[in-house]
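Taking the form predicted alone, here's one chain by itself in structure tokens.
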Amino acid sequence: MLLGPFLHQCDLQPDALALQEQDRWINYRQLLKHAHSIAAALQSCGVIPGQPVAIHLDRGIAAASALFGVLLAGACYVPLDLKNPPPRLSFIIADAHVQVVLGLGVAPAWLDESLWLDIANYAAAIPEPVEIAAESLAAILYTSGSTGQPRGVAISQRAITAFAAWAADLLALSPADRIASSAPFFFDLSTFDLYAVLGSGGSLHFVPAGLSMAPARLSAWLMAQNISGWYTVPSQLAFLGYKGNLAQTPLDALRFLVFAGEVFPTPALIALAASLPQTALYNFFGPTETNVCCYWPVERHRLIADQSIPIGLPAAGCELNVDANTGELLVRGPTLASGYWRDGCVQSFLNADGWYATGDHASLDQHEYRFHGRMGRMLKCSGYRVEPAEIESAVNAMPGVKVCAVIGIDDPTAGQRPALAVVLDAEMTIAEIRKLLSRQLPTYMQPSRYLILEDLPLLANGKMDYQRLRELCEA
């Protein structure tokens, strides 16, 4: 069971620090007590093993307790991004066939109140034990979808356990570790924080939200908290390296930094590595469907400013293959998700030979894998997966829009940003499009640049000329 290592730590060191959120903290015994009570409350609501339960809470002690409570009840959790507009959240609730939504206080106005369970009102209780198979779903994580709607990736207990055990062993996690946590629970990066760290007896320290854009204060916080490790996105670490005042802020306790979710520009990585010479650096790679399928322990002497870094070696027992005809990276192994969640059930995404086609262009060079970009149109924006088709679907549905196209433009602070080219009727304006999109899509999917055209550029075969479109948007 996924929570097995955590439960072992609860027996082994119940009074050890488990979670800290600013000036609040709880130990392993208290975290288990909260999770037990939530699990019992879910069971009293009729939730049975395997049913999806949504979490309407920001990352922190309450959300972690809720996630563990869902798992102890044998259900699977659906973490929500509270910054998403209500229509998007409503779609996820309906699409996931959610039975209960856990939160604090009163239900949000957009939600059916009959689904709401205020976790502040539960009583201390012990849940009924349940049988949990390795292939039981642990989580459904929603990402941007190429069909024009968010798409749920259904992840089993087995898959998360395989990754967490591998990562804990690779990084030699122990009860002495104090790990920073900044990944929202709807990101697969959070599986490291919740299961590898707490399964090893370490403590998890939630990075205050206000520090993400204040790198000097962030480095001071890392030092004050004696943080020994952190798994986050490259854009955050690049910002820390350039603006974090690391020369005057010794991070003596920092054993390792792990990054994933987007390409780390090599010059920024060189600067970070020079500022933290004693800290081990790791590049983890893999889409949500695989969690992490390969990794590269950063070798500082091999960093060259005008060359990208490798994505490295197979991780966590995964097998990798590069399609000889297309150059696409194929993956199979224990960390793979069970499939996509559609209409209340899991639909496999494996091909006839049992491989998952990642959509990433890769190569094998001297026993190391290298990433050469996406084969499709998907973008990575500050670690978020953004499908242009989802933005295009929302824009094309607006009255006054004739046609539109979305491309990605490079952004040194975020990897990529979406840009929108649109052909309008005279009565429609960009300001109106912005307003309507703000009600439908999360902030990270909002176009950073708008371009009004009389017609979209096409190739001779009638298909979209994305190269010309990119030149126009970047002009």
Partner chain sequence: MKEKLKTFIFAELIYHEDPASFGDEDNLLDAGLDSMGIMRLIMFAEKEFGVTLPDTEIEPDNVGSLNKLENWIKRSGQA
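Positions refer to the first chain, counted from 1. All values reported here derive from a predicted model rather than from experimental measurement.
Another form exists, predicted together with the partner chain; not displayed. Remarks below refer to it.
A.B. asks: Any of the heavy atoms of residue 443 lying within 4.5 Å of the partner chain in the predicted bound form?
C.D. replies: Looking in the predicted bound form, residue contacts with the partner chain include residue 443, since a heavy atom lies within 4.5 Å.
A.B. asks: Heavy atoms within 4.5 Å of the partner chain in the predicted bound form: does residue 361 have any?
C.D. replies: No, no contact at 4.5 Å.
A.B. asks: Indicate whether the partner chain has at least one heavy atom within 4.5 Å of a heavy atom of residue 244 in the predicted bound form.
C.D. replies: Residue 244: yes, in contact with the partner chain in the predicted bound form.
A.B. asks: Against the partner chain in the predicted bound form, would residue 222 count as a contact residue? Criterion: heavy atoms within 4.5 Å.
C.D. replies: Because no heavy atom of residue 222 falls inside 4.5 Å of the partner chain in the predicted bound form, the answer is no.
A.B. asks: Specify the contacting stretch among 447 to 455, 5 to 13, 19 to 27, 461 to 469, defined as having any heavy atom within 4.5 Å of the partner chain in the predicted bound form.
C.D. replies: In the other structure, the partner sits against 447 to 455.
A.B. asks: Just to be sure I understand the contacts: of 217, 332, 255, 370, which is the one whose heavy atoms reach within 4.5 angstroms of the partner chain in the predicted bound form?
C.D. replies: Partner contact (heavy atom, 4.5 Å) among the options: 217.
A.B. asks: Note which of 149, 382, 321, 279 lies within 4.5 Å of the partner chain in the predicted bound form, where distance is taken over heavy atoms; exactly one does.
C.D. replies: The residue in contact is 382.
A.B. asks: Thinking of 56, 187 and 191 as the candidate spot, does the partner chain come within 4.5 Å of a heavy atom on all of them in the predicted bound form?
C.D. replies: Contact check failed for every one of 56, 187 and 191.
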